[in-house]
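Just the one chain here, the form predicted on its own, laid out as structure tokens.
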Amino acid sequence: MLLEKYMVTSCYSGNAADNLAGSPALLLESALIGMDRLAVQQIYADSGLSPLCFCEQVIAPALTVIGEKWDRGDLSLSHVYMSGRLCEEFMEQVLGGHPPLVDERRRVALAVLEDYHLLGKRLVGFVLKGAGISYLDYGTVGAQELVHRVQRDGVRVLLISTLMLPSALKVREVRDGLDRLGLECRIIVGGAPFRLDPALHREVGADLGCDTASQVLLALAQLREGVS
């Protein structure tokens, strides 16, 4: 019954199919705006990509374009919200049924530091869920509030996503705050400022930096093995 519903509502063989000469990201954008779950699955199958590569090479640019269209007033906030929900649902389907890739027993938290662009955090969340790693989602928080939550929740690994350089520099406040309280919490950072300056994560006191969302699994493994 569910498949029949998807087939009825699918746009992949309709409007989206007219764009087959386009990129998978363009097709996915159309499918997400049309809330077409079956099309999302078909585009993934046709891409030949692994789930994590599909996440970074197709989902990320599609969600970015949808966000940009919302900024210009071309799409509603509900389009942005539902697109994110469909992607989360899809990633849980393709990755959630697999056995855990990482035996992560430490408490992990994920946050955006004083930024309101959540795409990076969302992609990291997809990767963590797909790997079977539970985490605390702190959303967007300030540096002092983040330190307070880490102490309150006993977080041992803190994942921080930033978009702008001023926010990236705030990681130093988080590091210093944790150190003053004597908390043993490792910090992994990601986002545009850290991609542009590979040494920045060390300057702000982070243990590791990631260029892509999927690298967070390798970073967690490195921390578990004592490499930083």
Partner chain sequence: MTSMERVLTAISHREPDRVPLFLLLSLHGARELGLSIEAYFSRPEHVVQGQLRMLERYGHDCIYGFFHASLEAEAWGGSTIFREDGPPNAGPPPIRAEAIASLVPPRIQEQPGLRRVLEAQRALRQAVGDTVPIVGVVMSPFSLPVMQLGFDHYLDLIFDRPDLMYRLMELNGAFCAEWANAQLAAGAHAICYFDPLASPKMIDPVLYRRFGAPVAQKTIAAITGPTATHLASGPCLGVVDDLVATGTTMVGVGEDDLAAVKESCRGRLTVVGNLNGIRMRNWDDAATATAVKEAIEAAASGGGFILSDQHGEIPWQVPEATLTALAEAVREYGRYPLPGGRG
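Positions refer to the first chain, counted from 1. Rigid core: the largest C-alpha set superposing within 1.5 Å between the two forms. The structure presented is a predicted model; accordingly, all values stated were derived computationally and were not measured.
The form predicted together with the partner chain exists for this protein as well; it is not shown, and the discussion that follows is about that form.
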Q) Looking at 183-191, 39-47, 52-60, 169-177, which one sits within 4.5 Å of the partner chain in the predicted bound form if you count heavy atoms only? A) 169-177
Q.
Even though the partner isn't displayed, in the predicted bound form is residue 78 close enough to the partner chain, meaning a heavy atom within 4.5 Å?
A. yes
Q) Is residue 133 one of the residues lying within 4.5 Å of the partner chain in the predicted bound form, judged by heavy atom distances? A) no
Q. Might residue 109 be said to contact the partner chain in the predicted bound form, defining contact as any heavy atom within 4.5 Å?
A. no
Q) Taking the shortest heavy atom distance, is residue 202 within 4.5 Å of the partner chain in the predicted bound form? A) no
Q: Sequence order please: the residues of 188-202 with a heavy atom within 4.5 Å of the partner chain in the predicted bound form.
A: 193, 195, 196, 197, 198, 200
Q: Please say whether, between the shown form and the other one, the C-alpha of residue 163 moves by 2 Å or more once the core is aligned.
A: no
Q) After the core is matched up, is the C-alpha of residue 125 off by 2 Å or more between the shown form and the other one? A) no
Q. So with the core overlaid, does the Cα of residue 143 end up 2 Å or more away between the shown form and the other one?
A. no
Q) residue 139 to residue 84, Cα distance in the predicted bound form relative to here: closer or farther, by 3 Å or more? A) farther
Q) Which way does the C-alpha gap of residue 80 and residue 194 go in the predicted bound form, closer or farther, given it changes by 3 angstroms or more? A) closer
